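Here you'll find one protein chain in two forms, each presented separately as structure tokens under the names structure 1 and structure 2.
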Structure 1
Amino acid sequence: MKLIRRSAAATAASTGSGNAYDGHEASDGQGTVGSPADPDEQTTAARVENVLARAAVFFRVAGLAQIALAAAFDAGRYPRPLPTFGLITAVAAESVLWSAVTLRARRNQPAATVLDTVFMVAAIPVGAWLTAPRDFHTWVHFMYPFSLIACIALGVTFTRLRTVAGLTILIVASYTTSAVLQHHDPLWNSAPNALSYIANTTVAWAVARHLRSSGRAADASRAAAVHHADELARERERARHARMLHDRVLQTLETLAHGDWFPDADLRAHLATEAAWLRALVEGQPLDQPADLLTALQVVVQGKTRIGLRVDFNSTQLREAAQLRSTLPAAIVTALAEATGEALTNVAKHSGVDTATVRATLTEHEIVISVLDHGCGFDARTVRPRIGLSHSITDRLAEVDGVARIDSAPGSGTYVELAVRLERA
């Protein structure tokens, strides 16, 4: 990722469009603070994690400095110098490894931190044993100041307090045992020392928790702001389109629908339907409101007319059942309209004829939309693709507890019946 970005900066620089030094600087700056171009750094939450990871590594470096300081002052007092420096080397190497993993991931890695804690829990008594003196001050035990600072990583890695507390107690137990048994520290000294671990990890946990929640809040508010700006832009665009549609198209449609330019009442009714739809659109009414079944089917039939299918739509019963239409659930309307459209598409594609009859039949118990063609028909048992096609119709109907029956035989057309039971009030 970094390589690509740098080479891009280098390319920009080599084109001579800007100062080469500036280009490189900008790229580096992006790398440290996090830029939108880097997917890991796109959110504040990710940046918070990166900051926490760097903080943990920083404290680790400070811990290692404490060891260096202690060793510089007390090296002469170590009863077993060689193994002691061996331990210091091991601690430093483990710390480098852990820091590398953490920095590379740009966030604290729970698994790495657990292993690190286990290492620390084991290293504390080893250090105590190696440095165990009779009469020196406690700082000879260099693992204490190191682990006290390094344990802050625990607090910032884990989001659950009980995990932090559990791991802290392991370290506390390791320290207290070695301090009391090996260094024979008095309790008045080791008890407050032990408490310092708990204070460090808990405070680190609380600070990290606060930072994380602030990060999330910042992300949420930024997302909301972006969404809002987006909405606003869309709304402006919609309003502009609405004005144009209203002034140029809707008025023409409505004039045509209500005048006597067309002798065909069906065409006028269709124009009126389209005009009503367009008016709803430009006035900002939600268009996906439960549409009227008659309108929905008319739209489907008109759509097929445009692709060259001539459809007789026998809808008198449906037309007269205004009460039923007003109470029909939108899901049923959509399912019936879509399945009808699917059936008509099949006629257009496969029947070999260009005419079909759609009829809406209402009985006391059910509403039936039938689609009939007098085309070539098919044998549903042998024609596999048609089975797939009919499945999409049956499945659509099944979603609204409806039933689709498909009846066809070679040479005798295809009859599709879409039936939905009516809920009796």
Structure 2
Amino acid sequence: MKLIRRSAAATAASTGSGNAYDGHEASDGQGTVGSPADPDEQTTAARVENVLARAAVFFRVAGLAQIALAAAFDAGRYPRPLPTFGLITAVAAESVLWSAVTLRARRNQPAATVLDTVFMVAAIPVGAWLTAPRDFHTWVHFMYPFSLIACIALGVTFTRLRTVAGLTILIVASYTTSAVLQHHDPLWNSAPNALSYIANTTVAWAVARHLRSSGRAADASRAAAVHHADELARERERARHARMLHDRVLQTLETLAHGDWFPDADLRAHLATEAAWLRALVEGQPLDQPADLLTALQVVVQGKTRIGLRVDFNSTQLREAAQLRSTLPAAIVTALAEATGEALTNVAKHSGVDTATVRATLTEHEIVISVLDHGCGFDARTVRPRIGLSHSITDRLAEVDGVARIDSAPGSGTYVELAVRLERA
């Protein structure tokens, strides 16, 4: 069985890159952005995440610079120089590792930021222990200014404020506990310093939220513009084809239908009907397509019968599913009817036989229309796909997210299956 599938040519909205935080996709209305026209081109939302990652790393570097200045100018004020140097080395190494992970991913990584927060929660009391009581409220206690700057990463990494608040509270608790228990600082005195953490992470979260929202809006606008441009291009192509059909095919059909070229009155009537349908299509008038799938397929079968093709139409399951049938979107009904008609036209033109079987199946999950003939068939590997197969059948089904399966072999006939899943519909 050969499977032929094509996706609709439209720019779809994709899940916003950069919002898959807190272990799953963001569900606070922040997770949809437009896809770029070029798949290799970075979306605005992705660029925003890159900027936020670089900003977090920049703040981390600023925090390390404060540690370096404190160690350089006040090294003699630390009562335990060796452990102090060890803590500084550990903070620098952890910061370099965190920054490398962030820059490599081009976005803040939730897991890395959580581990970074745990490290700071543990390092703050160690830094307080290594600082003399007289220097606790100076930059000699380097873990406070460093963690105050580094915690900004929480605000720009997580999209949920409750996650940011929960991790910030851990840092606040670590600082407050070390201040009160280790240096006997009054709670009313350490509280303002502790609240600075909350202010930093909350403001960072609000700024990041605004930037992400702006990035998604820009991507959505761009996707809409690309989609509109595609629709305009298709409409212009339709207009060009309509002019060609009007100037050539339509004029010929109407001449044959109303002249005395054919003595067969039924044939002239059929030509007149087809000419009227074509004129309505060219002039953009409603084609009065049946809204019911069973009726639409019956019209198709009757039309092919008039040109000499005998069609065995098995519609038992379709008749029994009247309730489902009545709720089908008109676009799907039209697409299936037109694709079925093209498949039957191919039987009449190329199979070498004058009989075909059409079977319609409709379930709660899928619609399947099959067209079978026992004609000459063809080798799909060597025969160039005809426009009827590639456009009137395969592409027509793709417009409604359907699939066309075509199975044929020389001397074994041709089987065409048209399927549309109702979940997609």
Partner chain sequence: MAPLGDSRIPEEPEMIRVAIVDDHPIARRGIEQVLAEAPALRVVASAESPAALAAELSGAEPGGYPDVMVLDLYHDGEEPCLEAVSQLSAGTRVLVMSASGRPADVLGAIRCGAAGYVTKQTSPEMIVSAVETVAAGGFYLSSQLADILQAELTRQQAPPARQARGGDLSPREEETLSLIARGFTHSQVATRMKVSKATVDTYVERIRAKLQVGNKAELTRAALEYLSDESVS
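What we label the rigid core is the largest C-alpha set whose atoms superpose within 1.5 Å from one form to the other. Numbers given to residues start at 1 and step along the sequence of structure 1. Small disclaimer: the values here were computed from a predicted structure and weren't measured.
Here the chain coming from the form predicted together with its partner chain is structure 1, while structure 2 comes from the other form. Relative to the superposed core, Thr163 undergoes a C-alpha shift smaller than 2 Å between the two structures.
Relative to the superposed core, His374 shifts its CA atom by 2 Å or more between the two structures.
Residue displacement note: Thr202 has its CA displaced by under 2 Å between the two structures (rigid core superposed). Relative displacement of the Thr334 Cα between the two structures on rigid core alignment is 8.4 Å.
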